Structures are given as C-alpha cells and as structure tokens.
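One chain comes next, on its own, written as structure tokens: the form predicted on its own.
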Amino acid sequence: MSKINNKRIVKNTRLGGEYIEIDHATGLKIKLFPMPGYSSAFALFGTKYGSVDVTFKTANDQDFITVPNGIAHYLEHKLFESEECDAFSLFAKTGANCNAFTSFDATAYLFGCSQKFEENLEILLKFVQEPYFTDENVAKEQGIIGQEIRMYDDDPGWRVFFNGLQGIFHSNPVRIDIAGTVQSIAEINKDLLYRCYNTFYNPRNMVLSIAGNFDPDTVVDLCDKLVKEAPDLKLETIIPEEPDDVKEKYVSQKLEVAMPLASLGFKINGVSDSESPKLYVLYNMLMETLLGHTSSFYTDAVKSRLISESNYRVGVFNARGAFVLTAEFEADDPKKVRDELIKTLEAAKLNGIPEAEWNNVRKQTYGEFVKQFGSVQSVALAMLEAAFKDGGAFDLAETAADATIGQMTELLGRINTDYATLSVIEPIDKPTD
C-alpha cells in the first residue's frame, strides 16, 4: 500500500506545463515533472537547512542552541562518505553525474543521468539518509575545508561580495561565509554533526524534486521503500533581528586586482520569506530597467569611462531575513559610481520609470523563465526552491508575466538609498623602484 497522503496535479495554461506534487506519509514533499521526449533526468534531494541556520530548537530542547558557523556546509561534505565507500564511486559505476551544494537557506544532493534512473535514485535516497561520522574523518575534513576557506579569502570577486554583506548586516548570519571560518570549523565534531543531521535531515524538512525522463510510479515506490519515518521535531530556527540601517557604509580591502572592484548593496527592509520570491523577480526587473546593460545609465557610464564595460552586473541577493539590491562593477573611482547610481534611482522616483525600456525587460525576463522550462536541471531546481518557500514552480514566471509599471513604481519607493554599503577591493600598492 502506497504511503501517499495527498497528490495534486499543478497545471499552467500560459506555459502549457504541469507537474505532480505528493505529500508523503513520512512528511517528505515530492515534486515530479515528467518531460516526455527528453533523454535525461535530474533529481535533487534537499533539506531546508543552510548556513544561516545556526540557532535552532526542537521539541526535545529546553532552549535554543547555537552551533558553529559553517556546519551545514561541513555536513554536506561528510555525508558522501560511508563506512564502505563514498557516494561518488557508486554514481561513477552507473555513469551518472552527482554533486551537492549548500546555500544560505538550503542543502541539496543531486544527480543527472540518461540511464539507470531507478538505480541512481536508490543511491541518492540511501546515502543522504545514512550518515557516517567518526572523529577521524571529521578531523580530516577540517584541513580540506580550511584550505577552501583560505582560497576564497584571496578571491577578489568573492571577497567584495562578502565584505559587502558584512558591511550591510549587523547580525544576520549571511554576513558569515557559507563555509564558515577557519576558527568556527575547528569547533565542529561528530556529535555536533549528528545533532544537526538528526534535526534538519528529517523528511518533514526535506524535498525530493525530479524532472525529465522517468516514471513517477517508480519514484513513489522507492520513496515508500527507502524514506525513513521520523518524528515531528517541531523545529524552530531564529534569524537575529536587524536594525534598518547598514552596519557600515564603506568597507575596503586590498588584493591582487588591476583596478578597483566594487559592489554596492541597497538594504531592503521588511521583506517576509513568503513575499521574497515575488519581490526577487520584480526587483530584478526594476534594477535591469534602471541600471542594467540596456539602461541609459550603463550606456552613459561606459561612454564616459566611469565604469569598465566588463564585469558589470546588477541584481538581487535574497536569503532568509536578507534582501539586498546589488550593483557590481570595476571603476577607477568607485565612490563616484556609487553617487551616480544613487542619483539615477532618486531621479527615477521623481521622473518615473521609462515604460518602453521596462516593457522590454519584462518580456525578456518572462522569456528567460519560459526557456528554463526546457531544461531538466532548471525545472527540478525551480520546484525545489519553490517548495522551500511554500510556493509553486510556475510562480516566478507568472510574476514576470503579470508585472505592472505600478508595481515597479511602488517598489522603487521602498528603496532607501541611505541604507547602502559600498564594498571595494583596491589594488595592492606596488613598490616603486
């Protein structure tokens, strides 16, 4: 007898697609998007557990506990190992490509294959549910991850971004590298890993998302057989309260760069987790319209050599409790660029958003979402991310299609340009002869 509690078909007439949502008896959410005619399948088995989840409480705890930064990423590394072998070698035998990632909000394990789907899914479901931590293998990983942290410490693109987050946020854990610090990972041991695993790798906190060429009934049968029952832990997590203002308006560091590399971030307050996916799409459209590669600002800034034509991009950074509009660029005078970017946003508040340019961006954005539904990997990832926000895989495309200039104007008014941090990576001074 199947362990399905509920099953729904989610359809979208505008995109002409549909997928299956299943509430499994174990609490696992299953998202299945069969794509007839495709030669491959892509699967993600993820948990709503990221680097920001360092303070949490379950029904078994009297009070909240705080664990070292970087432990979610550390756990991801260790979960591929078992007493006999590692999951990479198992997938290598089937010809599948496997990997994993840890973000601020989530951790996911994945594979893509064009054959032996059932065998690959069984490997995925088993190794993610069979942790194997020892004092020895945990200690060994500290050196490996420590090297990874030090490598990113010397990466200008990585540092300009994280230095900016540290300038913007007072206490939100997004200001700490996803991998943690050399000091924080030194505090991690097998008992902490098991504690976090047993808390967050509960099927009630997890999603299985699959798209492409596969049989949905096979997936359900394997989940019935392999997904383990677990109690409802009444899990609670805490993200510290943030003041409205930024911690620092300017931060800088010197590294090996040819010219200054900068990141400007505008802190947007009051964005709830439930509304963040929609606002992510809308603010991306707004930033592209006013400051993106097709904007008057970009054309004039490149023509006047205010910014370098390369390495310029605008967008939105979004994590639990954090929402930031970003502009990254290379320039001889980053502070002047910051002033011009702010001036452009303030001018748009007075003069309005150029409607023709915005319409082009809206159509392009919607077109990019439509294109994503032709990729098994993009579809599976879209379902996973939406599930962690209690939304649907078609929601972002619908947001882009239905966006109005009135929404853009309202969102523009929410940008307080005083709440901005400029992060700069400056060239190392060269010694003179």
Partner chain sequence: MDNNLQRTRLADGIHFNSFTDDRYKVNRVSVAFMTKQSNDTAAAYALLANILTKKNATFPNEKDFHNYEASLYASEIHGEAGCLGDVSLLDFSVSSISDKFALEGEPISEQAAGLLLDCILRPAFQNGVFTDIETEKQNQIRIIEAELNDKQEYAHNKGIELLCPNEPFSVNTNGTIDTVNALTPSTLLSAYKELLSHARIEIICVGRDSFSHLLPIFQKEFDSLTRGDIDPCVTTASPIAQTVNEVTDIMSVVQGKMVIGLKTDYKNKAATSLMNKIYGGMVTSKLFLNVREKLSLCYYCWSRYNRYKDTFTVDCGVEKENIGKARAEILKQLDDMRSGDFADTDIEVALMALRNDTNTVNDSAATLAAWYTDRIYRGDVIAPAEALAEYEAVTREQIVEAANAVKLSAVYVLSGEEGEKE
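Because the structure is a prediction, the values reported are computed rather than measured. Residue numbers count along the first chain shown, from 1.
Keep in mind that the form predicted together with the partner chain is missing from the display, and what follows is about it.
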{"item": "Stretch from 169-177, 243-251, 297-305, 214-222 whose residues place a heavy atom within 4.5 Å of the partner chain in the model of the complex", "value": "297-305"}
{"item": "Pro231, heavy atom within 4.5 angstroms of the partner chain in the model of the complex", "value": "no"}
{"item": "Proximity of Cys113 to the partner chain in the model of the complex, heavy atoms at 4.5 Å", "value": "yes"}
{"item": "Partner contact for Gly321 in the model of the complex: the partner chain, 4.5 angstroms, heavy atom", "value": "no"}
{"item": "Contact of Arg362 with the partner chain in the model of the complex (heavy atom, 4.5 Å)", "value": "yes"}
{"item": "Listed residue (Glu309, Glu130, Glu346, Asp191) with a non-hydrogen atom within 4.5 angstroms of the partner chain in the model of the complex", "value": "Glu309"}
{"item": "In the model of the complex, residues of 126-155 near the partner chain [heavy atom within 4.5 Å]", "value": "Lys140, Ile144, Gln147, Glu148, Arg150, Met151, Asp153, Asp154"}
